[in-house]
Structures are given as structure tokens and as C-alpha cells.
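In the form predicted on its own, a lone chain appears below as C-alpha cells.
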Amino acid sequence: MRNKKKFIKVAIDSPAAAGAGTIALSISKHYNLLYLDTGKAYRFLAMHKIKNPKKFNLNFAKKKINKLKIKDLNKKNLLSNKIGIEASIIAKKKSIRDLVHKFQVKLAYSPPKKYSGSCLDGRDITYNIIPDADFKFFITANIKTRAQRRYKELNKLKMKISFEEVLKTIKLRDKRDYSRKIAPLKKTKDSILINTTNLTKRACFLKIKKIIDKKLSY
């Protein structure tokens, strides 16, 4: 049995390229938490839909999700703009969301025993995946800053794309994420807002660490 006092759940919501993934990964490493970038589960299915457009259906997606391992979500090609756009499209479908939801909840509440808890980031984590999370954050940044970050990230991966294309994609992702009828991106009242526009990665980490440490010390 796990020591419940040590088991913590961190939920992070954010628009695309706000820096949530980097921060969540740092927090996870520091507190020994299982880290899951939930958006990559949709990207993983989107990749298979692009590769197998005629075969892709709910049963096909279910088989892929059932075999999905955390390491499968670390593939660099999942970050491509094409996969990102397709991911935002299939994420609108309730059947797909229900499928991914089960995968996310299982990891959030029952991570491997070697971890002291879980940290998930995505679009609907604070109110849909881990509504009883011990810590809830909404991480954001202005759209040009987010587009610049994603542009640099894609350039490092040697993906040929212009800044204008990235900016356009980010705007489209925001529109879809905020306006979809099922589990839209939104800041909950109990989520702490963190704007990373003018903060370094280290400053963001320390800001969130201070909040977590203060509550854990009680």
C-alpha cells in the first residue's frame, strides 16, 4: 500500500507551446512523479490515422491505446505541425476522448509504485482528468511568444517550417481547444495562473516549487 501522505497529484492545463510540458517534466523529476503529456496520446493516434487513413476507426484506435507505453510518446515526429493539426481534429470526437480519458486517468491515479504520484499536463486535466488534484495550475504566455518557442523547437528537430506557419497553427489550435464542445481548454477557479511570457524555465520551476512545498509542509 502506498503512503497516501506522500502520494500527490499535479494537474496542469495550458494552450499550445506555453511551456507547460517543460515545467511539468521538471516538477515531475524533482518530486519523483510520473509525467504524462496527455496531448501526445492524441498526437500518437493522429500519427496512426495519417499512416493508416483507411484502417483508422474506434477499434483500431483502441488497440493502439491498449498497447501504448509512455516511451512511445517520446518520439520526435509526434511534434510535427501536421500531426498537431490532426490531433486537434480527432480530439473533438467523444469516442476518441473517452478512449484516451481512460488511459490518462489510469496513469494519474495508478502510476507504477516507484513514483510518489503523478503530474499530467494538457487541456482538460484540472476539471476532467484529475478534478481532485492536490495542485492545479493554468500555464499560459502571449501567442507570439508561444509561436516563437514552438518554431525554435521544430527548427532544432530540423523540421522545415516558417514562423508564420507556426503562428497560424497555434492560432488555429487555440480556436479549436477553447471552442470545442467536449472538454474545452479553460482555467478553473481553483487553478493558479502562471504566465510564462517573461519568465525563464528556472523561474517558472521555482515559482511552482514554492507553491507545492508550502502546501506539503503543512
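The structure presented is a predicted model; accordingly, all values stated were derived computationally and were not measured. Counting begins at 1, following the sequence as shown.
Keep in mind that the form predicted together with ligand C5P is missing from the display, and what follows is about it.
Ligand C5P is not shown here, but in the predicted bound form it comes within 4.5 Å of a heavy atom of I125. Although the partner is absent here, S88 lies within 4.5 Å of ligand C5P in the predicted bound form, judged by heavy atoms. For the chain shown alone, R180 is a contact residue for ligand C5P in the predicted bound form, at least one non-hydrogen atom being within 4.5 angstroms.
Within 4.5 Å of any heavy atom of ligand C5P in the predicted bound form lies no heavy atom of A24.
Note that among 25 to 33, 40 to 48, 62 to 70, 188 to 196, the stretch whose heavy atoms approach ligand C5P to within 4.5 Å in the predicted bound form is 40 to 48.
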